[in-house]
Each structure stands twice: as structure tokens, then as C-alpha cells.
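So this first bit is one chain, no partners, the form predicted alone, shown in C-alpha cells.
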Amino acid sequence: MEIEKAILAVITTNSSIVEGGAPIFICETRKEAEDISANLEAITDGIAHELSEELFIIVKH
């Protein structure tokens, strides 16, 4: 069985806006969040989406 669509990770600079079942990465700065998003995108073969200034998700389509 292969997962077709899923949220693989959540990256944020504001820990009060996230909770849930996906791995959550809390960053100090927006630059750090962008860097971690790019790295996770490559590692997981996912796609990063910016949902707001302080929130990114990595998804598998």
C-alpha cells in the first residue's frame, strides 16, 4: 500500500497555531523555516506550500 496524499510535515515560527498528527518543526525565524521546508521537500520527495507568513506544510500529492 502506498500513501497517495498526505501532509508530511508542518513548519512554523509560531507554535501556538499548530497541533496535530504530522511532525511539527518550530523555527526561530522565517529564514530558518524556509530552509527547513526546502530540505524536507528534498528529503521526503514532497512539495512545500506556504500557507501564511509563519506556516509552511510539506505535502505528498
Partner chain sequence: MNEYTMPILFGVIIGTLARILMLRTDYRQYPTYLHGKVIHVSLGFIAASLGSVAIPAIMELEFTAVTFLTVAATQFREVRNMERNTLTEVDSFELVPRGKTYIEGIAISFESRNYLVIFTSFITTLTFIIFNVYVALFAAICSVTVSMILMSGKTMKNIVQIDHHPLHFKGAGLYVDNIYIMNIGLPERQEEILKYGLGFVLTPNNINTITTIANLGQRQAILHDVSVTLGVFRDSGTPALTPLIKRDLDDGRIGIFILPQIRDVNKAIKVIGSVPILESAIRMPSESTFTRKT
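Residue numbers count along the first chain shown, from 1. Model, not experiment: these values are computed from the prediction.
The same protein has a further form, the form predicted in complex with the partner chain, not shown here; the description that follows concerns it.
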Given that the partner is absent here, does residue 10 sit within 4.5 Å of the partner chain in the predicted bound form, heavy atoms only? no
Should residue 50 be counted as a contact of the partner chain in the predicted bound form, where contact means heavy atoms within 4.5 Å? yes
Would residue 45 show up as a contact with the partner chain in the predicted bound form if we use heavy atoms at 4.5 Å? yes
The partner chain contact at residue 38 in the predicted bound form, heavy atom, 4.5 Å: yes
Near the partner chain in the predicted bound form, with a heavy atom at 4.5 Å or closer, the residues from 12 to 26 are none
